[in-house]
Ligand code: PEP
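A single chain comes next, written as structure tokens; it is the form predicted alone.
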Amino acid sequence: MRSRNTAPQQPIGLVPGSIAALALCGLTMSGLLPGIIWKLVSILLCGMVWWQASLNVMAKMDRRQRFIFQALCYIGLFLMPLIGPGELPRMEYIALKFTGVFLWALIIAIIYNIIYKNKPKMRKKIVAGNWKMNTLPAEGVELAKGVVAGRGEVCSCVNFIVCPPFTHLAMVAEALKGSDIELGAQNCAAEAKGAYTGEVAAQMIAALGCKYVILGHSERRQYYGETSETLNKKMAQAYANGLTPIYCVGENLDEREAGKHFDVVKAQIEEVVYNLTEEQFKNLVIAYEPVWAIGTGKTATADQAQEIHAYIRKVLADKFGAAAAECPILYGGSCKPSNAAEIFAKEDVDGGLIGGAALKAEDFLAIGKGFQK
């Protein structure tokens, strides 16, 4: 069963829908389209467009801004009893009042949408490469050197991060010296130290020069049974050692086809990210992975990426308020040079967590150039 928190679909375009709703409202209120049917149609269309517009803008607001926006929208409800019935039949009178309420709310929503749509994106632009279990140490060094060599071709506003296997970290850190490319690890232990054979502590990777660590990747959840309980411990270790977590969320194919994708990412955020302090949250990167679109032959569109990214930002704002607007949210679903520009152009997409394309320096850099197109 879908949760009531699931974000609704947006069936109509905001601009044409707004024009149609405003025109129909004007005609019905002026009496040029008389009759209860037209008034009910006007109420329905106006309400749909208002809801769509409000979703677009509320995802970008902190709590105080949302409160003011909603107060302005609903003020018509308090003004409605002031409208006199005149000579209209009772049903037409009620329909006319509701039309006026939704017309007022729609105008407020459109104004807010224009303000927030044109608001410049101030968040970090990040392209992070997850090398996974690929390359030998010497090959990793050559790959890192290739990224450093081509770095100057990409806007300095783009922050590059490379995340090699543990065995490469010291050598890749040396190869990155003198550049602004940051080093990250693909995982860390849930404990600080001790008898945990095969584990690598956050303190150890920080000592090698890592600034970031990927946590909660779908492959770690799927193949190694990582749970929110485990990830809470890993997050604590990361912050205790000055690392910035790149926390991954996302749904698999069955969850997407069942319409549970909003529920899944919401739970993954609430169970881990909601436990952070406000100060810790300021040093967090979220990566959304549409697991269903990786290696399945299915493709996630830029619009689908924006839809879920906007929802993630809303969930973050419910807990952290205005700070959610500054949290980078990366897209981790088969991003490549050919589609990077389209995906990165979306308002709530702040870069990518790159897999296969990060294994070729030219492709990795070309994805960074997607911000410039």
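These figures come from a predicted structure and were not determined experimentally. When you see a residue number, it is the position in the sequence shown, counting from 1.
The form predicted in complex with phosphoenolpyruvate (PEP) is left out here; the points below concern that form.
Engineer: Tell me, out of L183, L284, A293, L208, which residue has a non-hydrogen atom within 4.5 angstroms of phosphoenolpyruvate (PEP) in the predicted bound form.
Structural biologist: Going through each option in turn, the one that passes is A293.
Engineer: Check each of A305, L316, L330, C335 and return the one that places a heavy atom within 4.5 angstroms of phosphoenolpyruvate (PEP) in the predicted bound form.
Structural biologist: For this set of options, the contacting one is C335.
Engineer: So which stretch, 172 to 180, 127 to 135, 269 to 277, 222 to 230, is the one near phosphoenolpyruvate (PEP) in the predicted bound form (non-hydrogen atoms, 4.5 Å)?
Structural biologist: Partner-contacting stretch among the options: 127 to 135.
Engineer: Answer yes if any heavy atom of E251 is within 4.5 Å of a heavy atom of phosphoenolpyruvate (PEP) in the predicted bound form; otherwise answer no.
Structural biologist: No, E251 stays farther than 4.5 Å from phosphoenolpyruvate (PEP) in the predicted bound form.
Engineer: Should H217 be counted as a contact of phosphoenolpyruvate (PEP) in the predicted bound form, where contact means heavy atoms within 4.5 Å?
Structural biologist: Looking in the predicted bound form, residue contacts with phosphoenolpyruvate (PEP) include H217, since a heavy atom lies within 4.5 Å.
Engineer: Would you please decide whether V349 lies within 4.5 angstroms of phosphoenolpyruvate (PEP) in the predicted bound form, comparing each non-hydrogen atom pair?
Structural biologist: Contact with phosphoenolpyruvate (PEP), no.
Engineer: If you apply a 4.5 angstroms heavy atom cut-off, which residues in 271 to 292 are near phosphoenolpyruvate (PEP) in the predicted bound form?
Structural biologist: Contacts from 271 to 292: just E289.
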